[in-house]
Ligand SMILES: Cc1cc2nc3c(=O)[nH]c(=O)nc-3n(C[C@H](O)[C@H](O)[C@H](O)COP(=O)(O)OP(=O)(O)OC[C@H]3O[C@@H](n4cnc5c(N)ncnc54)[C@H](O)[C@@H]3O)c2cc1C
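A lone chain, given as structure tokens: the form predicted on its own.
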Amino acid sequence: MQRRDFLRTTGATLALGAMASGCASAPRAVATATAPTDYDPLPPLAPIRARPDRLIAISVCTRPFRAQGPRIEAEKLGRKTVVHHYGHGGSGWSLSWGSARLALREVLATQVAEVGVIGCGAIGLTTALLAQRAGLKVTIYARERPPDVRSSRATGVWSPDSRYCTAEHATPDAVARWETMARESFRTYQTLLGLPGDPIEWRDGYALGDEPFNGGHGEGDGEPVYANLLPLIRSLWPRGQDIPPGAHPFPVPYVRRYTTMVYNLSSYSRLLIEDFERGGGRIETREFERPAELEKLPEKTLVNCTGYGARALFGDDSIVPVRGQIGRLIPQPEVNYGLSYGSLFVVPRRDGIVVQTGAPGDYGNADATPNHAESEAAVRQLAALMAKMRRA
């Protein structure tokens, strides 16, 4: 996830561009935030009603990180061709459309009229839709579907290089592939704005600091150095704006406004499923424990979109689980801004105000058990911040 690092870097650290770390093949970006005298006035900011008793959900997702980046390639499995499409780290939603186009090329190369997609999360749904739009008959096979899939527990912000790959694996080819996926996904998301249910929205947020923003990165303890890729596409969204003291209500000396996309995952997932079924697609509940079980499916070409599940199903030990927990407060329509302050990260989604913090030991941790004390502590931290905000 590490979305707070994305917003800290894009909005708070002069658009250095990484959620995680520097990339040897991409130069570090120069400062792009506005000068303190060049900013848009802030609108009145409604306070967030942050109390632990307003927590309506606490969930944990297991992000499938691969040091090499996502696996997008075809493999023969008996009489079947399996196109692997998994391992996006914390970038699954953000890269899904562009990544699905690359997987679709592998599918079309098999020259079939029907395809089966294994998995019904962010990657599975977008892959199925693009295959359907290419004229193929598509069936999704999955044990779970939204809202019970792992990707439904994501933070829900545009974070295209969140744990995408390590710096040492950021080869020119890997970087070019990432840029292609990111730009294509960004373009597609702009076509989903303004739809009923607001599946995709642009939101402002405020990165808060007790000290000047220094452009640091945000790896957690024991984590590798991640590739810093955002400078390649940084021109796609507004630059950060420094807000001088007295022009904002926050109890800190340093504030930078950022603007980012937010995915309202409940309405967005429903939109994807409805579009798929309206196009003639079918979702069949199936569970697979071994690759040999895929031989029983009628389609000759299958796309493996199982995410972290590919570690068990295909024995891919290159997938490293990275635990991420979020809590959701009761929605407040009047709260239309996000926050980033230290380890605290807040996202204003339609289905609730997401409150997230990091915890030591998330990297390599496959435990999906919610820790209520962790989320309650984050809400209390947010409450303390709200209590010190200056009221309009």
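From 1 onward, residues are counted along the sequence shown. Keep in mind the model is a prediction, meaning the values are calculated, not measured.
There is another form of this protein, the form predicted together with the ligand, and it is not shown here; the text below is about that form.
Val303, Ala154, Ala227, Met181: which sits within 4.5 Å of the ligand in the model of the complex by any heavy atom?
If I apply the 4.5 Å criterion carefully, the residue I get is Ala154.
Taking the partner as it appears in the model of the complex, which of 202-210, 252-260, 280-288, 129-137 has residues with heavy atoms within 4.5 Å of the ligand?
Correct option: 280-288.
Glu144 near the ligand in the model of the complex, any heavy atom under 4.5 Å?
Looking in the model of the complex, residue contacts with the ligand include Glu144, since a heavy atom lies within 4.5 Å.
Wondering, does Leu313 line up within 4.5 Å of the ligand in the model of the complex on heavy atoms?
Yes - in the model of the complex, heavy atoms of Leu313 and the ligand come within 4.5 Å of each other.
Report whether the minimum heavy atom distance between Leu45 and the ligand in the model of the complex is within 4.5 Å.
Residue-level check for Leu45: no, no contact with the ligand.
Within 4.5 Å, heavy atoms only: does Ser159 come near the ligand in the model of the complex?
Flag for Ser159 set to yes.
Report yes if all three of Pro70, Gly98 and Leu104 come within 4.5 Å of the ligand in the model of the complex by some heavy atom, otherwise no.
So, no: the whole triplet misses the ligand.
Output the sequence-ordered list of residues from 38-52 with at least one heavy atom within 4.5 Å of the ligand in the model of the complex.
Sequence-ordered list is empty.
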